[in-house]
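What follows is one chain in structure tokens, specifically the form predicted alone.
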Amino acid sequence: MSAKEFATKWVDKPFILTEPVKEWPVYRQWSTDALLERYADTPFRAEAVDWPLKTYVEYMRNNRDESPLYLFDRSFAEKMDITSGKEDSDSWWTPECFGEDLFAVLGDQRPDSRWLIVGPERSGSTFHKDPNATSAWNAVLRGAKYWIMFPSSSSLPPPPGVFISADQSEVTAPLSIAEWLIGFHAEARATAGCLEGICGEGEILHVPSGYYHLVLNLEASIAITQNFVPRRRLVAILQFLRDKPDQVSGFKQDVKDPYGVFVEKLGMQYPEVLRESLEELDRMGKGKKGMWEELTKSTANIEESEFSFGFGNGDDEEIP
């Protein structure tokens, strides 16, 4: 799949790719035992606790819990001293088909975006949507994961057994995965929009922005997941950051205005993309009107080769 094909045909659809992950060094090198050899004493976050990897693996191999603790660590790359990129011999990278990630303009101000996921069979995630209206990919390095997914909109009901707030911002799944499967799985599979599938070892699944999804490990699994902002979904991300600041998550505490910072950085690197997106937001008729006009000076005298931004911070500073 090319980046153009993804952007024009697949950005809003779930799918599984079967080849890109198999090119990663971590796919060839990682197993539970291999990770133990190198990181046995390194602490990783398993839901509400931080355990050395050797403690978590012992638990993973011997527990009989209905809902086992799930290792889900956002700082794994720093803890393991590995990087994302083809130039590193111990690494992974985003498949090229997903194209540019517009949150990259934030640099070290971007919200949490990547996680190492390790868990035994029966572990997983109850229904949720990815944070900040982002899209995601989830790559299985070992094991297999069952996925069941539903699109979200004001005209569609939530998945059976799941409760959604009036503005569709909060997803409440009061049942464990096992309880939900026993009580609602058959009904869910007959519900409009339901998609399900198994992502096997060496495969990667695309989760479009806004999809509800539940994930169950069918076997002991190791995976890497990453959230991203494709260009076609930029309007949704801007609207979320602007209109739901109380629900924005993952930013460092010193980022007081995620929407403003994102708009500023986009304006410096992708001015035309930002202009088109803000104009579309205005046309949607939600929130403030004329946001583009508020952010920019009069375009009457702007030449094609020059673009300026004013971000209403009181000093009228221009950013070329």
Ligand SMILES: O=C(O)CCC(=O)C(=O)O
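From 1 onward, residues are counted along the sequence shown. All values reported here derive from a predicted model rather than from experimental measurement.
Not on display, but discussed next: the form predicted together with the ligand.
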- Task: Look at the candidate spot formed by Ser125, Lys145 and Thr225 and say whether the ligand comes within 4.5 Å of a heavy atom in all three of them in the predicted bound form.
- Result: yes
- Query: Quick one: of Trp93, Phe72, Phe76, Phe184, which gets a non-hydrogen atom within 4.5 angstroms of the ligand in the predicted bound form?
  - Reply: Phe72
- Position in contact with the ligand when the complex is considered in the predicted bound form, options Glu219, Asp243, Glu201, Asp130, heavy atoms within 4.5 Å: Asp130
- Classify Asn138 as contacting or not contacting the ligand in the predicted bound form by the rule of any non-hydrogen atom within 4.5 angstroms, answering yes or no. yes
- the ligand contact in the predicted bound form: Ile117, any heavy atom under 4.5 Å: yes
- Contact flag, Arg110 vs the ligand in the predicted bound form, heavy atom cut 4.5 Å: no
- Arg233: heavy atom within 4.5 Å of the ligand in the predicted bound form? no
- Task: Within 4.5 Å of the ligand in the predicted bound form, counting heavy atoms only, one of 208 to 216, 82 to 90, 244 to 252, 153 to 161 shows up; tell me which.
- Result: 208 to 216
